[in-house]
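Just the one chain here, the form predicted alone, laid out as structure tokens.
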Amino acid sequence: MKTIATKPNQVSANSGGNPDCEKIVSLLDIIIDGEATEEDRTYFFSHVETCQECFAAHQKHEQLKRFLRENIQRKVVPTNLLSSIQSVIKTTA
């Protein structure tokens, strides 16, 4: 099996343009975020059980999202930030 360079959300090994694998890649984010329909979840997990490439892509994507959730914190901004920005825009426009 030949490994190829990928774009984000693309299966990492050459799947030969398999339409099932392409659909799985398009479902990765909504599956991991818990936003998929029951039909999509059923399709996704039944395919991932039989396709090693898609399973690996799912695992990597899930690990990345988990890492980001655990290590990236939201910054709290001052409550008057928006009004300050709008004020500067009005005076310079």
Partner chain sequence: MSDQRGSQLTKEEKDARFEAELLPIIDPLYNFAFRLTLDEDDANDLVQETYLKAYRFFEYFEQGTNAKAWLFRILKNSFINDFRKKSKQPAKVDYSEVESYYNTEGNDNDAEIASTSDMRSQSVQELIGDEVASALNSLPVDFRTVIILCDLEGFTYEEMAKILDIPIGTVRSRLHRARNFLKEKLEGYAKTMGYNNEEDNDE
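Positions refer to the first chain, counted from 1. Predicted, not measured: the structure shown is a model, and the values here were computed from it.
What comes next is about the form predicted together with the partner chain, which does not appear here.
- The partner chain is not shown here, but in the predicted bound form it comes within 4.5 Å of a heavy atom of V25.
- Using a 4.5 angstroms threshold between heavy atoms, E49 stays clear of the partner chain in the predicted bound form.
- Among heavy atoms of K60, some come within 4.5 Å of the partner chain in the predicted bound form.
- E38 falls outside the set of residues with a heavy atom inside 4.5 Å of the partner chain in the predicted bound form.
- In the predicted bound form, the partner chain lies within 4.5 angstroms of at least one heavy atom of each of the following residues of 28-51: D29, I30, I32, D33, E35, in sequence order.
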